[in-house]
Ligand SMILES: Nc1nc2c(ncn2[C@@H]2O[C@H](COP(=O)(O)OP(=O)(O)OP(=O)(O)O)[C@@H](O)[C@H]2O)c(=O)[nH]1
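For reference, the chain that follows is the form predicted alone, supplied as structure tokens.
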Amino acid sequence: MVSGPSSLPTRARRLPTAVKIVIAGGFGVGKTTMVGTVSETKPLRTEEILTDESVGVDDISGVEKKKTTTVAMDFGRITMRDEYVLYLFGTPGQERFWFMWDEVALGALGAIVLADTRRLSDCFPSVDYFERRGTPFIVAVNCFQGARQYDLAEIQLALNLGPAVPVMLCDARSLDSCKQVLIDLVLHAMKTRGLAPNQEEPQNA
């Protein structure tokens, strides 16, 4: 049997670069929502229903309507312009689950610290953690309906962030908003680590 001409392309397609991103922040800040919003695959979630056993353990002030909590991590994936595949890992927010952070953050290019202006102090553990590890991170303020709006410079000052740490507004329910946060983080992390992106800024992810 005579075989036909090879259909293989003359130039092999370059595989996308795999990038690990951590999404951290306080309890109820929107980490699970953000992962679910941007993931192109069905996100892996480890949510459990809040029970009476969490009373006095988990602080739900400001998020009293929250009925579930992440007990391990959230996981999702998104491809950006065929250049990068971002693997997203959302950390649990409660202090009793912080022991898992080292495993989740291992090998991450950078991190997003989600903030809620109603409970801004909940950001401090995440900020301190990534500063100690030397992990590049940005702060994304999730704009909850009814929450007081602050100037970004005020938030940067309140969190005692250096001028090199970007602070931006976002809506964890909006795909475009979440994509822009991811783009800004990847560019910031690459600049901080002295890495060059494969090509120009991935605007249309």
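Counting begins at 1, following the sequence as shown. It should be emphasised that the depicted structure is a prediction, and the values quoted were computed from it without experimental measurement.
Beyond what is shown, the protein has a form predicted in complex with this ligand; the following relates to that form.
Enquirer: Is there any non-hydrogen atom of Gly26 lying within 4.5 Å of this ligand in the predicted complex?
Expert: Gly26: yes, in contact with this ligand in the predicted complex.
Enquirer: May I ask you to state whether Gln180 is within 4.5 Å of this ligand in the predicted complex, using heavy atom distances?
Expert: Heavy-atom contact with this ligand at 4.5 Å: absent for Gln180.
Enquirer: Report whether the minimum heavy atom distance between Ser39 and this ligand in the predicted complex is within 4.5 Å.
Expert: The answer is no: Ser39 has no heavy atom within 4.5 Å of this ligand.
Enquirer: Taking this ligand as it sits in the predicted complex, is Tyr150 in contact with it (heavy atom to heavy atom, 4.5 Å or less)?
Expert: Although this ligand is absent here, Tyr150 would stay clear of it in the predicted complex, with no heavy atoms inside 4.5 Å.
Enquirer: Considering Ile155, Cys143, Val165, Leu44, which brings a non-hydrogen atom within 4.5 Å of this ligand in the predicted complex?
Expert: Of the candidates Ile155, Cys143, Val165, Leu44, Cys143 is the one lying within 4.5 Å of this ligand in the predicted complex.
Enquirer: Which of the residues spanning 153-175 lie within 4.5 Å of this ligand in the predicted complex, based on heavy atoms?
Expert: Counting only heavy atoms within 4.5 Å of this ligand in the predicted complex, the contacting residues of 153-175 are Cys170, Asp171, Ala172, Arg173.
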